[in-house]
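In the block that follows, a single chain appears as structure tokens, in the form predicted alone.
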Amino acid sequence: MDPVGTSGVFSLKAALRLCERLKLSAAQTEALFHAMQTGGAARRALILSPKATAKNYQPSFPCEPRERFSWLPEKVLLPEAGVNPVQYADYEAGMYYVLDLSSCWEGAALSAVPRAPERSLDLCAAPGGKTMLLAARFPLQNHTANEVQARRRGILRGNLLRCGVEHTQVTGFRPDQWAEQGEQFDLLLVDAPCSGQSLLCKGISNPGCLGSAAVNGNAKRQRGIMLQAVSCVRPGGHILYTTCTYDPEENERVISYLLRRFSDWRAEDVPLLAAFRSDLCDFPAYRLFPHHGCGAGGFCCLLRRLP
């Protein structure tokens, strides 16, 4: 199997080791390799903004039926293949936010949050997709979109302003600074920095993303973020942990580490995602791969702090 594709050069040996860690079948391994080589797994979705819903907006371009994507909220649409929504004036007018369908899949875990959060924090918010997905599920009441990097924070602020997102402040604190402040939220979104292995399946070069240095370094960072995040959630509140990578070290093992450290946290079932439940752990967590036909792939786990 040729390890060189349109997504750039990647290590065949490292990719095989990843598939072994994921316990993929031969057919699943072949499908993941094909996606990495061709880089064609990305699938556009768009979230209707508050501006759009206020005007009962309908896009002028054709969209696909949503029947087989039962986990999508009503405010997310699927442009037909070949349609590029960012080329339309309605994009600049802020009628919608564009992202990969796999990110919408991750956001579907919010369907298991029983009520709209009164206070919510998107801890790693740029460029804004997870905040937009939260707004597609619940009315934002007192929301904070946080991004440490100044340049990315500017992009985040621009996207939220363009889309007319209200009741939201943009901040730039580190996770440890949030923990030190002692504030507590009903819901935290942690779209954790990761090795980004799914970028290969979008046709984006990402050298070293399959190597142990990138994976282990990111896993250490993710554990550190989550150790701070747990103190920012009130009893009965939730954390949605998501990544756009495949390696168990950055996904199931981060959650397992957290659950071992804190006895007052549990992973929650997400009935809408039952078909995607991971078999790499004994708690509810969910995986998406390119062969599912819902974008480049990702991981999500909804956590709840016991009352």
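Everything numeric in this text was worked out from a predicted model, so none of it was measured. So that there is no doubt, residue numbering starts at 1 and follows the sequence shown.
Omitted here: the form predicted together with a small molecule. The next part is about that form.
Enquirer: Partner absent here, but in the predicted bound form, which of 201-209, 70-78, 233-241, 119-127 has residues with a heavy atom within 4.5 Å of the small molecule?
Expert: In short, 119-127.
Enquirer: From the list 137, 223, 162, 152, which entry has a heavy atom within 4.5 Å of the small molecule in the predicted bound form?
Expert: Exactly one residue meets the criterion: 152.
Enquirer: Between 148, 112, 83, 179, only one gets a heavy atom within 4.5 angstroms of the small molecule in the predicted bound form; which residue is that?
Expert: None of the other options qualify; the answer is 148.
Enquirer: Taking heavy atoms only, is residue 192 within 4.5 angstroms of the small molecule in the predicted bound form?
Expert: Residue 192 belongs to the contact set for the small molecule.
Enquirer: Test of understanding: in the predicted bound form, would residue 96 fall inside 4.5 Å of the small molecule by heavy atoms?
Expert: Judged by the heavy-atom cut-off of 4.5 Å, residue 96 is well away from the small molecule in the predicted bound form.
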